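Form predicted on its own, single chain, as structure tokens, below.
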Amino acid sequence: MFQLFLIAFRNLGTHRRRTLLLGGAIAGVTALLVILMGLSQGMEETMLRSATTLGTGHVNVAGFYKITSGQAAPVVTAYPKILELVRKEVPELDYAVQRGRGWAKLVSEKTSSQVGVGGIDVKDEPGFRQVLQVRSGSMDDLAQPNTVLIFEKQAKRLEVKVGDVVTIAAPTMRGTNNTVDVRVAAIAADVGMMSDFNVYVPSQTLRSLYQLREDSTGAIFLYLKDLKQMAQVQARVRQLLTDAGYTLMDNDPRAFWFKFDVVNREEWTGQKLDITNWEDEMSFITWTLKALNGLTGILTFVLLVIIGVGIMNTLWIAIRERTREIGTLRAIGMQRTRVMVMFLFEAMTLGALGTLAGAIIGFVVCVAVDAAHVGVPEAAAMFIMSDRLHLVVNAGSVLGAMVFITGCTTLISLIPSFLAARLKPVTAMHHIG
């Protein structure tokens, strides 16, 4: 077999022009595939990181509190006890934060807009600074009471800058309207849909707006060391809180704002907890990711069809050109199986070398584009939640693509290799052309 491999390798060197042409095509397809995967994985990572930092945790302990049966608020009471229990019983936990939730009117001297209000303790949010880029002001100032972080589009729409004062108005849990004047502490770069309708204030400011107690919050966001453990942890937290005596809502895989109508129609009052994950809270992201992966799959299939047709045609031409050589090999005693294996080795070697070159080219392009911090159009930024293109090269995916394309190249060569092996020595040796 090793001799056959050497013969196949030498044949590739003998027919350099054809080898370079076909190997270049395989390398080009592989490089394009690596770049596509890098783009897809980079967008997925960017969207997931932005969404799970700004709007949801990997697993969420949220819920509703009802003073009367017809009026629900997204509030979790006595959250420190829940947080302590989860930290003690969930070893998969990386870190956890509490986040207030609200919907209010943001009023400037020029205009107003409806926004979602997140109450945060910025010092306890390790991921917040990694996702947001502050254009003016300081994120540290968000630790001061009665401050707000807004985004560039909002600042432009409200016609405010850092240091200006805006008013947040919202009804409390008892239905009484309340307002809080806040100073713009920082203006951050837009991060797509997440920045169109969200602002962030210190937790204490949000509690003051909604007249909540010190131990109340909107949700506890749990961030895991390994996202693959999300379903397992979600089920365990659910059982853990049930055993601890908390009343839980039935599992409803939707974002919390879709549940107000259902909760308001129910007769109960008091507290019910709701355990969700990031896929429940950000269903529009999972749809985008599925569409992105589907598009990558279609492009990959089209590329493989193109390269498959090219390989088969090239091998047909190669066999035609080498018919007399095949006849000679058969005449001196080479078996049909060995002739077929020799052509298969040739195709496999060509595929391996081509995919290796393509993977290196694709990797270099991905690293260069990522290092260049290439900006993206505003429409694209809205979906990927970042104004910069981020490419991620996964070694396992690249190796898988190389093996897959090399395997396809080898399989495609089966038919012409089989036909080459079936040639009769006398016919092959007298072949002209």
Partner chain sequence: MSLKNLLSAAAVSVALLSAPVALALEPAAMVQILSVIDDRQRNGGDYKAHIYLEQKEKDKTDNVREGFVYRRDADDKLMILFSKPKTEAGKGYLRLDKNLWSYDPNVGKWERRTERERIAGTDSRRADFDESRLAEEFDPAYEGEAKLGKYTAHKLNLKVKPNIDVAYPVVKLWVDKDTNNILKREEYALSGRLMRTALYPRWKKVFSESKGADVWYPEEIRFYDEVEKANSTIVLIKSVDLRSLEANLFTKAWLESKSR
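If you superpose the two forms and keep the largest set of C-alpha atoms that fall within 1.5 Å, you have the rigid core. Residue numbers count along the first chain shown, from 1. Given the structure is predicted, the values throughout are model-derived calculations rather than measurements.
Omitted from view is the form predicted together with the partner chain, to which the following refers.
Of the candidate stretches 110-118, 133-141, 231-239, 190-198, only 110-118 has residues whose heavy atoms lie within 4.5 Å of the partner chain in the model of the complex. The contact with the partner chain in the model of the complex, taken as any heavy atom within 4.5 Å, belongs to Asn178 out of Thr77, Asn178, Thr296, Gln204. Shown without its partner, this chain lists Asp164, Glu266, Asp215, Glu321 as candidates; in the model of the complex, only Glu266 has a non-hydrogen atom within 4.5 angstroms of the partner chain. Put simply, Arg338 is far from the partner chain in the model of the complex: not one heavy atom of it is within 4.5 Å. Contact between Gly70 and the partner chain in the model of the complex is found at the 4.5 Å heavy atom cutoff. Not displayed here, the partner chain is approached by Asp261 to within 4.5 Å at the level of heavy atoms in the model of the complex. Residue contact check for Lys225: none of its heavy atoms lie within 4.5 Å of the partner chain in the model of the complex. Relative to the partner chain in the model of the complex, residues Lys105, Ala169 and Arg174 are all within 4.5 Å by at least one heavy atom.
Taking the rigid core as fixed, one finds a CA shift for Lys161 smaller than 2 Å between this form and the one not shown. If you fit the rigid core between this form and the one not shown, you'll see the Cα of Arg254 move by 2 angstroms or more. Annotation for Leu344: C-alpha shift under 2 angstroms between this form and the one not shown, rigid core superposed.
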